[in-house]
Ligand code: PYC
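Below, in structure tokens: the form predicted on its own, a single chain.
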């Protein structure tokens, strides 16, 4: 058996969404911070992401995380988040998956009933509290990065759809939030083609007309997620389909998307601090979110969200690249 590259992984899913946790084979990525490492990875090592998430080793909705030594003394591990759309600054479902894997494989010191895991991410330090019983990670609550509304009632001209009103918010990534009722599309998996087409069109319009940029981190910019709000959603329980570049749906309720949604609802005066918010995905899985504090991000008022969800390990694997493989970076179809 020949291998040009060799990667070890623990595969998991968080409320339906995969996280392939890469535990070996990448080596230490250069950079003084995880944000620096992300930029180096994007410029020099993106072929590794493509190999691990594209077919035939992955699929059109594959997501993962690469473990790294932390760049700050108050963190247990550093993490780079990878998926078919690129290398994200932060990923909520991925963090829940990573924390679950670290606990269940013993890669962090485990205490019951709660193990705290501190993760160094490109978007900042993320704290994960893992509820543990009998050595099993039953659920994970993450304390996410400061989240904030960027633009309420933004209007973009979308080819084929006309002028669309949406809110733009940040929860670790940028999100556009708009109503399926306004688009005239039912919240039904049978309508997934129309929902995805609309989401991608809105995404492209936002990036072309009012591309968002983080006030403190210029490298975090652009919208790759559109939250398509289902009818009947409110500040207690919201259902949605999450369209993601380049053309797929989040299977989980989306952790950073839940954070952005809560920041948007807070900015509209609809969601206060220390109040449960249930966010439901297209396949019916749920995260429970809470806003636990306020903060400042540059000149913006922000909130500190927590997200609680579950993850399950699905397997361990070694992924190889044969030197004669005609698809060294995989392929998309």
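Every value quoted in this text rests on a predicted model; they were computed, and no experiment measured them. Residue numbers count along the first chain shown, from 1.
Quick note: we don't show the form predicted in complex with this ligand, though the next part is all about it.
Next on the checklist: Open or blocked: after superimposing the binding-site C-alphas and transferring this ligand from its position in the predicted bound form, do three or more ligand atoms sit within 2.4 angstroms of any backbone or C-beta atom?
Outcome noted: Answer open: no ligand atom comes within 2.4 Å of backbone or C-beta.
Checklist entry - Though only this chain appears here, would residue 98 touch this ligand in the predicted bound form if you measure heavy atom gaps against 4.5 Å? => result Residue 98: no contact with this ligand in the predicted bound form.
Next on the checklist: Residue-level contact is defined here as any heavy atom of the residue lying within 4.5 Å of this ligand in the predicted bound form; does residue 176 satisfy this criterion?
Outcome noted: Judged by the heavy-atom cut-off of 4.5 Å, residue 176 is well away from this ligand in the predicted bound form.
Item to check | this ligand contact at residue 123 in the predicted bound form, heavy atom, 4.5 Å | outcome: No, residue 123 sits far enough from this ligand in the predicted bound form that none of its heavy atoms falls within 4.5 Å.
Checklist entry - Can you check whether residue 240 is within 4.5 Å of this ligand in the predicted bound form, heavy atom basis? => result It does not: once this ligand is placed as it appears in the predicted bound form, residue 240 has no heavy atom within 4.5 Å of it.
Next on the checklist: Within 4.5 Å of this ligand in the predicted bound form - does that hold for a heavy atom of every one of 9, 20 and 102?
Outcome noted: Result no, not one residue of the spot touches this ligand.
Checklist entry - Which single stretch, out of 109-117, 191-199, 242-250, 67-75, brings residue heavy atoms within 4.5 Å of this ligand in the predicted bound form? => result Stretch 242-250 is the one.
Checklist entry - Mind listing which residues of 204-227 have a heavy atom within 4.5 Å of this ligand in the predicted bound form? => result Stretch hits: a single one, 225.
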